[in-house]
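For reference, the chain that follows is the form predicted alone, supplied as structure tokens.
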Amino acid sequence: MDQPSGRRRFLKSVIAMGAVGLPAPGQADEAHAQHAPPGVPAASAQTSAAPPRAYMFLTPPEVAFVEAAAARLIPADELGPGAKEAGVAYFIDQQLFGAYGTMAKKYRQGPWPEGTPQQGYQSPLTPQEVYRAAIRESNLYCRRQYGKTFDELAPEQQDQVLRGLDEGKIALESVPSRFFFDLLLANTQEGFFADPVYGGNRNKIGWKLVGFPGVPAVYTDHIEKYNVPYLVEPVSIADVQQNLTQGDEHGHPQHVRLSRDR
């Protein structure tokens, strides 16, 4: 929620996590858009190759909230596109629609005392229930405070609301506001850096921003090249599945090197 310098600090802290993602149904409908034919701009290829993506859990007002919030958490700036452009809201929707959203593989029996950060997810509510209730109650707060829903607020007002959620100063009825903010922030980070097959990181925006190559390749030729940036065109799971990248004799993708001035 800080200025662009805050975004740089945030990304620096996240890079150490590597590319992250949650198990979800495979979403590869934009693989062709990520590899535009020669002479066709990527944006045009995306428009012509990929139909509009259907949201499975979030309602339109909830999508508007998540898109607006994610756009403030990872904004577009001089470094490149942000979370909204990367399709983070769609990634979160797909996660909520799947096993993650219903906690299908998680322990759901009590007790439910407030846990420590090291204890992980501590709530009787599923992520689906947290998002649904917290978005509704956050919008109610915004209407009382500003007369508008969160997505209709000015960026500075949105930052104030997000900061209030983060610091626990906004009281939500169904879930602690800080718990919701932490969940939203974590899912935004995941959607920005996860493999595009999961619905976010559209056009590999997150990977290109930090120089992540994607699916591992063979690096034996580069082991002794010290302090030499490994600049390649990122390869996603969808690229491999749809044979959009060449593989070596062992099936590993062959990364295409990029020039330093790109």
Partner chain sequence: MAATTLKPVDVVLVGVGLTGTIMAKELAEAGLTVVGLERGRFRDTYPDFALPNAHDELKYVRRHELMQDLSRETITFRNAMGETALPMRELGSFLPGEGVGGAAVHWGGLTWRFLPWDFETRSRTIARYGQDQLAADCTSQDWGITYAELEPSFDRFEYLYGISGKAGNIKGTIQPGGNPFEGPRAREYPNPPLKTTFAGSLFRKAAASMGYQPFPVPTGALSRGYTNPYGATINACVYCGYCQFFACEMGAKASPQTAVLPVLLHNKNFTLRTLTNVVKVNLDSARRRALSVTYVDSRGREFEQPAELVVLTSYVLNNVRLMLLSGIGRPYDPVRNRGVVGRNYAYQTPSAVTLFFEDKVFNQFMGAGGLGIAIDEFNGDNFDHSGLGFIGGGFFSAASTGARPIGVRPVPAGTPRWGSAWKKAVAHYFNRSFPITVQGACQSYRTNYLDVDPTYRDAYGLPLLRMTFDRHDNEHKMSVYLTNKAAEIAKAIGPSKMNVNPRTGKYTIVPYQSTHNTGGAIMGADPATSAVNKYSQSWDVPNVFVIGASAFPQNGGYNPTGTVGALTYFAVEAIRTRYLKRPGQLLT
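Residue numbers count along the first chain shown, from 1. Fair warning: this is a prediction, and the values are worked out from it, not measured in the lab.
Another form exists, predicted together with its partner chain; not displayed. Remarks below refer to it.
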| property | result |
| --- | --- |
| Residue contact check: Tyr146 to its partner chain in the predicted complex, 4.5 Å heavy atom | no |
| Interface membership of Trp207, its partner chain in the predicted complex, 4.5 Å heavy atom rule | yes |
| Residue contact check: Leu153 to its partner chain in the predicted complex, 4.5 Å heavy atom | no |
| Partner proximity in the predicted complex: Ala86 to its partner chain, non-hydrogen atom cutoff 4.5 Å | no |
| Triplet Gln95, Trp112 and Gln241 all within 4.5 Å of its partner chain in the predicted complex via a heavy atom | yes |
| Residues of 183-221 having any heavy atom within 4.5 Å of its partner chain in the predicted complex, listed in sequence order | Leu185, Ala186, Asn187, Gln189, Glu190, Phe193, Ala194, Tyr198, Trp207, Leu209, Val210, Gly211, Phe212, Pro213, Gly214, Val215, Pro216, Ala217, Val218, Tyr219, Thr220 |
